[in-house]
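First, one chain by itself in structure tokens, the form predicted on its own.
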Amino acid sequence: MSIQITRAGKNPLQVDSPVMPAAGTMGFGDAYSGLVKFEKLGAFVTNPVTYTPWNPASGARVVPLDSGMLIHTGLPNPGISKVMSKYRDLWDNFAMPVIVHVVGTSPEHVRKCASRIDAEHAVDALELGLNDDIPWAEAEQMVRGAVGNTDKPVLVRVPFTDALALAETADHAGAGAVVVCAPPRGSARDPHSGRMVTGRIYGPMVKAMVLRLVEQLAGKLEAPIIGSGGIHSEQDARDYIDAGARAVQVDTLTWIQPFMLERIARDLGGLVLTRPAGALADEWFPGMGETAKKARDAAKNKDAGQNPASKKSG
């Protein structure tokens, strides 16, 4: 099953599953290689990248909340040139499209990043992250600058603040798809230092707020919508699709149950088997795919072969 998640154009982005990690959740592709079967994902979205190197934030970076967490990292990265040099060979061997997330620091840097990505064979698309409280005019300038400097699809992730207006701005400026949205910002007291920390809020409670934004934008944009926020189950992801999103990005769940990202990707990608009638509990588990079923059947056959007593006598 092939799904087009960006608007029709010169190089629309096609995926086999409408599920991918959100920017900032899985590094640059090497951190989760032993925990998630990347080939089951629709696409891979990298950690945020800037044109020049950025240092990590000082002080507390993670503050637990009643239903989620507040995170402030400072988006550390070595800059786009070093990221490309280090990871292009890894990405070139991925079985799904790679989307590099570029932080919208300035129109000039966005244009330079887009030109840099356009020359990379290992990268299939660019995702532009707009900053919170960005003026509409500057947002439009950044999107047009990115679109005008690469032939590859440009996805635009809008902030929670003013998401409706900025999504329409990005759409009119030529965005290939609009990601709704970046995690909302908030403040919380660090229990260790006692200081107030400002950062992005992650957790299940985000879903209801973002889902409403997707519903409000559905049918208004020419570009497809990608929903992102608070997805913790297959049904959460399907709710976004039902609300009008073409695809989804998963964030917090990847950190606490990485295998669930793969399960959701297989589920929405049509790769989950229907449970056979009469299947016993030890013959099935939720979200089972063809690969898992073959592995389980092979293990059962091997065990039976090593234990002749378990065979019926003739």
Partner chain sequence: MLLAALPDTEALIVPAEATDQHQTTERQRHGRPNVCTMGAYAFQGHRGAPMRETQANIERVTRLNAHIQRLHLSIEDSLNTIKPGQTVLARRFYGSQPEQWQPYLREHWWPVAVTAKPGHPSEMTVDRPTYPSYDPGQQYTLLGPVGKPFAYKRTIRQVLMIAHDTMPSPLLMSTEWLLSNKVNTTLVLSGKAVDYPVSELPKELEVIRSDDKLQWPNRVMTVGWADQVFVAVGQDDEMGRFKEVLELFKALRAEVPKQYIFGVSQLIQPCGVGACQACTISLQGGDYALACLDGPALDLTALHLP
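Worth saying up front: this structure is predicted, and the values here are computed from it rather than measured. Numbering follows the first chain given and starts at 1.
Same protein, other form: the form predicted together with its partner chain, not shown, and the subject of what follows.
Under a 4.5 angstroms non-hydrogen atom cutoff, its partner chain in the predicted bound form lacks Leu261 among its neighbouring residues.
At a distance threshold of 4.5 angstroms between non-hydrogen atoms, Thr198 is out of contact with its partner chain in the predicted bound form. Its partner chain is not shown here, and in the predicted bound form it never comes within 4.5 Å of any heavy atom of Gly148. Interface membership of His192, defined by any non-hydrogen atom within 4.5 Å of its partner chain in the predicted bound form, is confirmed. For a residue to qualify, one of its non-hydrogen atoms must sit within 4.5 Å of its partner chain in the predicted bound form; none of Ser17, Asn93 and Val98 qualifies. Shown alone, this chain has one stretch from 168 to 176, 101 to 109, 77 to 85, 214 to 222 that lies within 4.5 Å of its partner chain in the predicted bound form by heavy atoms: 77 to 85. With contact defined as any non-hydrogen atom lying within 4.5 angstroms of its partner chain in the predicted bound form, the contacting residues in 64 to 94 are Pro64, Leu65, Asp66, Ser67, Gly68, Met69, Ile71, Thr73, Pro76, Asn77, Pro78, Lys86, given in sequence order.
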